[in-house]
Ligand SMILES: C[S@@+](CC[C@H](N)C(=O)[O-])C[C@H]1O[C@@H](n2cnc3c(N)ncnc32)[C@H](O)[C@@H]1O
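In structure tokens, one chain follows: the form predicted on its own.
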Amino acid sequence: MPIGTITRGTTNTNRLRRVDRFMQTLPVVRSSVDPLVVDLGYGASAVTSLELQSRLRKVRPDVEVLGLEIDKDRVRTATEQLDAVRRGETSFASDAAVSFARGGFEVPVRDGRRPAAIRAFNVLRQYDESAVADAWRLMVSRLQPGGVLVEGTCDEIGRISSWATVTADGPQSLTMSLRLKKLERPSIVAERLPKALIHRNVAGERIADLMTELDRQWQYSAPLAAYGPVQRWLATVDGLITAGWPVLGTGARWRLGELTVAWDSVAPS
């Protein structure tokens, strides 16, 4: 039997675009000899799995995406939607290397294959925090060497997202991705932190310190808003670096409204 519980299944077109473009940068996706990516808990529609494959194939043309759901009715619906793709009735490529099957955190894959990456989005948000470590451990155990689990959450239209990357060595980083236009304060991402952190945004926790410093740097950089929100955000990131936060990545990622920090800097106390 699949391991896990059925989620609400909320699915919207383009909802996961921010994490998809992050996954385009994963070295294991670009270099794996078996570029299989699992979309775990894709929800009530096939669209997020199809979008993931469409975006990843731009950097890895032979990528395959396997969508897994516990609810057999969702698997049936996604398979029917895939049939329409095969008939050329959608905007997706009719030969898209996408398939669907029933499964949960045990990540069942045929022929003993191991995925290069697993995306589990808006899944653990509906569990207790105490369930996170075991779920991470089980999913990571199914990855190929060097594989990455990307686990997180976002709002309903994908303007506010955050995710953790987890490998065989444990959690590695936390990424936040925000739509910068009309952004009032970056700490709005606190509402969409991964389950491992969302209840830790309280005094004495490092994630709370990051939220406070992020807002402080955003406010300090307000004069740069005259040059656009991207310039203000870049200055905010620079301010975090100056303040000693272990910011990862490059300016090309920051310009997208992303911020990635080492997991140890925000890990629960």
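Don't overthink the numbering: it's just position in the shown sequence, from 1. Given the structure is predicted, the values throughout are model-derived calculations rather than measurements.
FYI, the form predicted in complex with the ligand isn't displayed, but the following is about it.
Residues within 4.5 angstroms of the ligand in the predicted complex, judged by any non-hydrogen atom, belong to 123-131 and to none of the other stretches in 84-92, 188-196, 123-131, 162-170.
Contact annotation for the candidate site: I6, T10 and G104 all lie close to the ligand in the predicted complex (heavy atom within 4.5 Å). The closest non-hydrogen atom of I70 lies within 4.5 Å of the ligand in the predicted complex. Although the partner is absent here, R15 lies within 4.5 Å of the ligand in the predicted complex, judged by heavy atoms. Among residues of the shown chain, G43 is one whose heavy atoms approach the ligand to within 4.5 Å in the predicted complex. Contacts to the ligand in the predicted complex (heavy atom within 4.5 Å) from stretch 202-241: none.
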